[in-house]
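Consider the single chain below, provided in structure tokens and representing the form predicted on its own.
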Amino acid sequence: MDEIRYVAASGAIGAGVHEPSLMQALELKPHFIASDAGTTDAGPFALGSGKTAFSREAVLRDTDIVLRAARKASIPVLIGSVGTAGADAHVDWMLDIVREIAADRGISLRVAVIRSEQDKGYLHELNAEGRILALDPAPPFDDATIDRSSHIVGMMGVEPLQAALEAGADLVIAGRCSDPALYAALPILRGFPPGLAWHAGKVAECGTLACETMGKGVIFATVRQDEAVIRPVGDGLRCTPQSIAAHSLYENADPYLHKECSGALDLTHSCYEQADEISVRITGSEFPAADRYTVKLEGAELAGYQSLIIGGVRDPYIIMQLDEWLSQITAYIKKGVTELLKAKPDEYTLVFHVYGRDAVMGVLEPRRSELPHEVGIVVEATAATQALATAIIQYCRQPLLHAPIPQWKGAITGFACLHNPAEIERGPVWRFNLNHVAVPHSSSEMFRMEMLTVGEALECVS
């Protein structure tokens, strides 16, 4: 085999697959189709709650498009980090969608299901053996961290995916997964250079974000022994050396090294050349093997329950002294919460997000001293119970409405609430609680694979 060809159908299943471009890409005879389906960019709620960032309808639509294209070409599909976070609940959710598609289309699929959620007892054993290591920066970690986590997943590399492909899967449904691993698995399995395979996957996994200007389409990649070529398929799309080099740096802590379970993609000697009008050739990428195999852990724990008030201020005198005004209101609220609700300071948090000044960048905002003509304020109370969070936020409304300033005499109303009633209950909220890696005894022990026949034939487990 001289080359491996594949299609990155979308940057995320659920965000949209452009079916005309995908069907056009089949004319280039890919060996497989893949797509990522999850991210930590969406925050910890998906991992904590077992819910998803995309609707079931959107994920079903995209998966149906991809499966129909793959069946037309008789090639496998790999989908990783299903359901946003890749926990077992998300894998089951995705499997249910595939069952519905198979039933509606009257097709039979051999499906490899790879689970990445970690058993807490197993993690306790690894921790006792000193096999859970902190990255920098990392929050405090001990056995109690494991116990209070809602879910903990391990981010798989190429090895479980390769096992699924070797088993003859038509579709791989993978839990939490390295995005580039979806694309690097088969090229490496077939003997192509790991550096080029990982690098092509790193670029392709976000779909047309790697183009000079993002648009509707797909990414087609070819991996050879001495080069990888990235080609967009879609009207008006074009890749350039700059766009591919820039995307190679995307989401990297280090400009040259991108760490994976089995090693690190090294871009030190990578070169980018225009291969044709719209395609880019990559050469020189390397993948030195790691001294030990590690698996990135992601965990989420319940942070509490949250309630909000959203409103705005347009009074120029209040805006000129906004920090002092908010400080006085905060002191009044905290005193009242202690006296009336009997809540100690360590039992809740109260945060004011000021939109129009520094809500996005916070203390890093370089133009914080500029006075806007209006600001939006989101007041956020988080506590151990929903009742306490709501009681605190309800207590905030009155001082926000009528807190005085020296420039105005008598009663004023300086804050406009967006909703009525003003308080909004958000319910449970989660926080990430791990930035660690596990050192398993083998590359396979943290991931569980089963083969299912889904569709026309009776479902069976092998």
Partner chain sequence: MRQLKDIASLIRSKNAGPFVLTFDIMFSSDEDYEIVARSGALSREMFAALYKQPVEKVRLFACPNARAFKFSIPRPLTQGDLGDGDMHGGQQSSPLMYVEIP
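Not measured: the values here are computed from a predicted model. Numbering follows the first chain given and starts at 1. By rigid core we mean the largest C-alpha set that fits within 1.5 Å across both forms.
Just so it is clear, the following notes concern the form predicted together with the partner chain, a form of the same protein that is not shown.
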Any chance residue 245 has a heavy atom within 4.5 Å of the partner chain in the model of the complex?
yes
Report yes if any heavy atom of residue 437 sits within 4.5 Å of a heavy atom of the partner chain in the model of the complex; otherwise report no.
no
May I ask you to state whether residue 366 is within 4.5 Å of the partner chain in the model of the complex, using heavy atom distances?
yes
State yes or no: in the model of the complex, is some non-hydrogen atom of residue 43 no more than 4.5 angstroms from a non-hydrogen atom of the partner chain?
yes
The unique member of 249, 384, 320, 134 whose heavy atoms fall within 4.5 Å of the partner chain in the model of the complex
249
Only one of 107, 289, 214, 361 comes within 4.5 Å of the partner chain in the model of the complex by heavy atoms, so just point that one out.
361
Partner contact check in the model of the complex: of 113-121, 252-260, 99-107, 78-86, the stretch with a heavy atom within 4.5 Å of the partner chain is 252-260
In sequence order, which positions of 270-289 have a non-hydrogen atom within 4.5 Å of the partner chain in the model of the complex?
270, 272
Did residue 378 shift 2 Å or more between the shown form and the other one, C-alpha, core superposed:
yes
Residue 353 C-alpha relocation of at least 2 Å between the shown form and the other one, rigid core basis
yes
